[in-house]
Ligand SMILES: N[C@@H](CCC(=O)N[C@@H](CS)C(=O)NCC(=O)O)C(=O)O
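Before any questions on binding or motion, here is one chain by itself as structure tokens, the form predicted alone.
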Amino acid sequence: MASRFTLNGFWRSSPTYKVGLMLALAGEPFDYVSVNLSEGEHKKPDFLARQRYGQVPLLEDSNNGRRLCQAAAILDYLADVTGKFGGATLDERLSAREWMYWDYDKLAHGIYRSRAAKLGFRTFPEPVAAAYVAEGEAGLAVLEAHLKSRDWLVGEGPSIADIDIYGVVAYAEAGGFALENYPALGAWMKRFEALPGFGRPEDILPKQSRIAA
């Protein structure tokens, strides 16, 4: 039986990991199409016809023909169609969305670009690189303060906010951030990693295309 969902992405892409992680935690098998960013496959006409921004991830839903892009929007959609991780109340759902928007604005850029610099994908002038590090540290400090008094970002259980932000923090050490300086954040990561279906990026995202078993 064919999988309902097909995830198009790249194995080193944190946004792709967020979507794959959501599907895995929700118990949804998915087909995976590897998009070779280094060869510009994401900018070719056939891909652009399905993902207008020329980015990964792209999620395709065979039940209704929808093609969705932007990781936060995809997580929101998957919470709706699976009935999982959307929050127990409207207030929790709204709070989860706030955290996802905050992540993009205040956390992800600092972590991602510091990681890209450390791995040699991007080169920044020293003041710019230092600004990204400072931005990442400030975002991690916000999470540390919030998680000192609670187990999850929103409500009494994990939500799409936790999935979204874990998909950034999982790459922080590769960006040179010392997570041992954030014990409450570290405890939250351990709780998250104990969830059924959890997998690290290398477990969730193959380097080649894959059909779900």
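All residue numbers refer to positions in the sequence shown, first residue = 1. Since we're looking at a predicted model, the values are computed, not measured.
The discussion below concerns the form predicted together with the named molecule, not included here.
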* Since the chain is shown here on its own, which stretch among 132-140, 118-126, 89-97, 70-78 would lie within 4.5 Å of the named molecule in the predicted complex, judged by heavy atoms? -> 70-78
* Structure fact -> Of L147, A26, L37, V33, the only residue with a heavy atom within 4.5 Å of the named molecule in the predicted complex is L37
* **The single option of G176, G157, G186, G54 touching the named molecule in the predicted complex, heavy atom within 4.5 Å** => G54
* Is K43 close enough to touch the named molecule in the predicted complex, meaning at least one heavy atom pair within 4.5 Å? -> yes
* To do: Mark G20 yes when one of its heavy atoms lies within 4.5 Å of a heavy atom of the named molecule in the predicted complex, and no otherwise.
  => no
* Asked: Does Y104 reach the named molecule in the predicted complex if we count a contact as any heavy atom within 4.5 Å?
  -> yes
* Judged by heavy atom distances of 4.5 Å or less, which residues of 15-29 approach the named molecule in the predicted complex? -> P15
